[in-house]
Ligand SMILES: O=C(O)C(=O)C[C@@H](O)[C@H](O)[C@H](O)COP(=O)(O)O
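Let's start with one chain on its own, the form predicted on its own, as structure tokens.
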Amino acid sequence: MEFILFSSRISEDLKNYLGQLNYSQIGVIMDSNTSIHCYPSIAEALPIAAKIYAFPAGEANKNLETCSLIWKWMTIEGFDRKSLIINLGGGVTGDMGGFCAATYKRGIRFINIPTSLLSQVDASVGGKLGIDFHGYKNHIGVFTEPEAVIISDLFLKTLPETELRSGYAEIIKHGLIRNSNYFHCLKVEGWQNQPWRDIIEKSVAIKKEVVEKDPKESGLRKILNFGHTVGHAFESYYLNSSDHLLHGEAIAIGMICEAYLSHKKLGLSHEELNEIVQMLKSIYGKFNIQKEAISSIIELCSQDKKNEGKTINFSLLKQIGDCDYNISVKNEEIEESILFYQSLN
């Protein structure tokens, strides 16, 4: 498992960590937003000869075309097998920068410095790397763990509230799948004012415990996908539309739909279903789904990575804090769950 450091002095801690490593050169991969808001916080910790690459921000750029530009940059700059990459940014940067590092010359080392709440509690931990392909979310990728993940809640001050809210969805998910006490401690009113450092550490501990038991997602790790089968389908469908959904916004929809499926398939109580629905609705509101979108969203569910053959597999809740996986769900049941979401007031 990768080394995880929670830092309140990001520049100093990064400099100390780099001082313990042997490398031929350093490259920093980030996006156009992170280069402005976050890079200055670590610049002093880097050697003068460090190379930087910034790509246009946004999930729409997490694709092979951007990877090709990154690999070209690494090649031109002469990165060798002993080079080190630092991925500075949110989930898109960690996913794609890590993927590029893990595949360049059959793999070079990389460090993740996640700057969004979403990447701090989820994407940067666990070694899942990937890019989107032909509209399918994280369709191409590998499992490769970073050398280290350095997490600083100071970066959260650079985020708009919509990005904080997006990351909060994954925190809610961690409570739902693994720890009911944690779920019930999370704020609904005034959720923006949290002891973020404590919450991030608790969420990372939950994910780390699951990943250590099942690094390659052959079983238990699948529970981390609760809300993601339907959620990723929504995210993919609306990716290039004017109704674009942030990851957490899509996962919030997915968790409501999949909580409904949990009630139907695994006996999640009506009371707990309502509790989940009310919490998510109060934070994320209600998204308007066009009728004509539903069949396409169901089709996108068929491309989920947990599927086996033509069977669509879900991770669903037996109760809050207890999640099961490899639950087969039919297309008409997925449609029913989306119609349930649509029917909410």
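Just so it is clear, the model here is predicted, and its values are computed rather than measured. Heads up: residue numbers just count along the shown sequence, starting at 1.
What comes next is about the form predicted in complex with this ligand, which is not displayed.
Novice: Please tell me which of L224, I150, I172, L268 lies within 4.5 Å of this ligand in the predicted bound form, judged by heavy atoms.
Specialist: Answer to the contact question: L224.
Novice: To verify the annotation, which of these, E217, E201, E272, E145, has a non-hydrogen atom within 4.5 Å of this ligand in the predicted bound form?
Specialist: Residue within 4.5 Å of the partner: E217.
Novice: With the cut-off set at 4.5 Å between non-hydrogen atoms, does Q194 touch this ligand in the predicted bound form?
Specialist: No, no contact at 4.5 Å.
Novice: Any of the heavy atoms of H247 lying within 4.5 Å of this ligand in the predicted bound form?
Specialist: The answer is yes: H247 has a heavy atom within 4.5 Å of this ligand.
Novice: Going by a heavy atom distance of 4.5 Å, is S83 a contact of this ligand in the predicted bound form?
Specialist: No, S83 is distant from the partner.
Novice: Please determine whether R178 contacts this ligand in the predicted bound form, using a 4.5 Å cut-off between heavy atoms.
Specialist: No, no contact at 4.5 Å.
Novice: Considering this ligand in the predicted bound form, find the one stretch among 224 to 232, 74 to 82, 179 to 187, 102 to 110 with heavy atoms no farther than 4.5 Å from it.
Specialist: Among the listed stretches, the partner-contacting one is 224 to 232.
Novice: Counting only heavy atoms, which residues in 22 to 47 are within 4.5 Å of this ligand in the predicted bound form?
Specialist: Residues within 4.5 Å: none in this stretch.
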